[in-house]
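This document opens with one chain alone, in structure tokens, the form predicted alone.
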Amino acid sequence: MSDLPVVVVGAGPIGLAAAAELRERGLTPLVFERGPAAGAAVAQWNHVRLFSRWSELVDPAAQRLLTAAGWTHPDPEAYPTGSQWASDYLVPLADALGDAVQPNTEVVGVARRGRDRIVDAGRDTEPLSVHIRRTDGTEDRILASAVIDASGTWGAPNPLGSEGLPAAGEHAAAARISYRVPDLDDPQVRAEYAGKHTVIAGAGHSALTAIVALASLAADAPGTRITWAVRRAGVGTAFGGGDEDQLPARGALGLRAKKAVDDGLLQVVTGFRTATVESDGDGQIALVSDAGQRIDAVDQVVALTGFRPDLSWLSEIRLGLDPVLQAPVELAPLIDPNVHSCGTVYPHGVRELTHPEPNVYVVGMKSYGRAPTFLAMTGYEQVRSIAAHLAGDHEAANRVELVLPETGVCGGAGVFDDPNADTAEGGGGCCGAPAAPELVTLASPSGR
């Protein structure tokens, strides 16, 4: 099977890094991206600024490939927005990879050639069969020596309901609920929130970003009301480490959100676990908690309660997943958000990411399942190790080449280069969270 390509699912930061690492090792990557271009998911949160600097957002193999093509590294100390990360890094990287990157192509399933998940025979000898569907409606099957799933979690936000399932009435009220931080620089979006009552649900960095943005809007647009609904009993730890945070942009975000609360620019409702979304008959909705608390006369809800992996298209693959986090069983204890922040997750690679299905790897934010402690640099180390393993360099695959920076106070969870990272109970991811003044966590790069 050595003559077959390694299929990478998703042309976001981690997927493109995987392709660069594979190519440097002499392997043939084939990247399928559901969106119209590399970094399609990042483009959906283009207004968000990361917590991470440029020096922490460029994969080493990708940098070598880009430098050979005449690329100039952005200011290492600057904090890019999602738009800048895409235009100044992801798009040039996809161009450098050429025909290896195929946009407008969705992976709809992966299996062993000629076998469903029940069949034992041939699972270590037959190639992987990757089923794809292009936007023109054509379908195909590609044989692969290995599959690296870097599709992220951006497309699967958690619901507003506090039990991991949609609240009663949540689907019916979908027109009034957003699961992303609103881009208030867009006049049309701004008009949807100005002079209205908005509920922000969640207590991670994305929620803090929304607080800062909407508090600024309230200062300019009379009648704008904000309610912050959190599931925990208090909000003290949600603001992070402030001046002591070794990710300065993240600390600044927490301080600005705290000031908005201290200045009375929003009402805080704690211990609120949404059970029902009701229509009030006047074009507004009401949120009702499982304890009977109510938040009435709501125009908009911004539900920032985290993301989860979409495993549906991997149903014919034998995955070994932790029953709680939905992360690989060897990785789960290292990333448990009840124990770890992004700065205390030990760098890891192919050993922790191996599944019962040979040569199938889930990487990047999706590898963390429901844990919000991911750092972009961690994802780059993951794919470096996997590429080395697939090339037969097992010494390099087992060697740790990443030294993570101390990230200071993470407030239970870390910060990610991806807005996928925030949960209703804790902080947000680590790869690229928002920096002042935009202050939002990064969005999960890539799609299938």
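Note that the structure is a prediction, hence the values are computed from the model and not measured. One-based numbering along the sequence shown.
Absent from the display: the form predicted in complex with a small molecule. The rest refers to it.
Partner contacts here mean any heavy atom within 4.5 Å of the small molecule in the predicted bound form, and among 383-391, 49-57, 63-71, 22-30 they occur only in 49-57.
Using a 4.5 angstroms heavy atom cutoff to the small molecule in the predicted bound form, none of 208, 212 and 256 count as contacting. In the predicted bound form, residue 239 stays away from the small molecule, with no heavy atom inside 4.5 Å. Contact between residue 106 and the small molecule in the predicted bound form is found at the 4.5 Å heavy atom cutoff. Contact check for residue 89: no non-hydrogen atom falls within 4.5 Å of the small molecule in the predicted bound form.
Although the partner is absent from this view, residue 193 stays clear of the small molecule in the predicted bound form, with no non-hydrogen atom inside 4.5 angstroms.
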